[in-house]
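Presented as C-alpha cells, the chain that follows is alone, the form predicted on its own.
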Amino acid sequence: MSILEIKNLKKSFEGEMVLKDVSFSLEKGECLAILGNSGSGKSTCLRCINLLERPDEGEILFGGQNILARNVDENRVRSRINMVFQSFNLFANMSVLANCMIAQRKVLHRSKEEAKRIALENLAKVGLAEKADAFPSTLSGGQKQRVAIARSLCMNPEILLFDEPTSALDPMMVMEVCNVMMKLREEGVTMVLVTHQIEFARKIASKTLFLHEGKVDSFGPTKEVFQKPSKAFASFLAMEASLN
C-alpha cells in the first residue's frame, strides 16, 4: 500500500482552477520532485497534502486514511507530514535548540529532557550541533534551512515536504542543503520536494511529477521522465536552461 495517495484533487481560488484532477502516489522511502512553471499548482498541491489548504474535491490518503475527513486531527497530521518552508519560519527570539524543541513540547508533549536530546541528535545529523545556542540572526541562509530540516526531523515525520527549500540560497548554500537531503534519502526518509532547480531535482528525486496548467503531464521514475520528456516538459526544461 502506498504511504501517500492523491486521488482526483481539485482546487480553485476565486473561480480560477489551480489543480485539475491531480492524482499520484508515493511509496515509503521515495523522494518525489514536483516540477512545473509558476502557477502550475506545485505549492498548492504541497499545501493541500499538509492541510494548509483544503481542496475542493478529491481524496488524500495517508497510510490508507483519508486525511480530509471531518474527524481528522489536522495538527497530528502535520506532525506526521511535516513541512519545511522556503522562508525557514524560525522564531527569531529563540535559540536554534529552542526552535527545535518547541513543537516537540507543545504537539508531541515530550519532556524537556527528551525534546532536548532529540533536538541535539537532529542538529548533529544536519551538521549544526555546534550552533545549538546560536540565534537565527547569526546564521547563513543555508544554516537556517538546515535548522528548519532538523526541526522537522524532531517530529519523527513519516513524510517530509519541502517547498522551494533552496530558492533563496546561493550555490554553496544549495549544496549544503542538497547534501543533507541526499543523506536523508539514503536513510529512507520519504520526501516530496517542490523546486525550480532542475539539477537539484534530478540528483535528489527517485520519482518526478511534472504539473502543466494544473494537470499531471508526466509522472514516473526520474530517469525515465527526463529521458523521454513530453512536449510540455521538454519546453519547460529548455526554458529553465535558458534562465540559468
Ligand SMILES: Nc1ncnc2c1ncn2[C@@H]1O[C@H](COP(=O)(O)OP(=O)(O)OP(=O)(O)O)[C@@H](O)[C@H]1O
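Just so it is clear, the model here is predicted, and its values are computed rather than measured. Heads up: residue numbers just count along the shown sequence, starting at 1.
Another form, the form predicted together with the named molecule, is not on view; read the next lines as being about it.
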property: Proximity to the named molecule in the model of the complex (heavy atom, within 4.5 Å), stretch among 56 to 64, 198 to 206, 36 to 44, 185 to 193; result: 36 to 44
property: Residue 225 within 4.5 Å of the named molecule in the model of the complex, heavy atoms; result: no
property: Close approach of residue 18 to the named molecule in the model of the complex, 4.5 Å, heavy atom; result: yes
property: Any residue of 2 to 16 that, in the model of the complex, places a heavy atom within 4.5 Å of the named molecule; result: 13, 14, 16
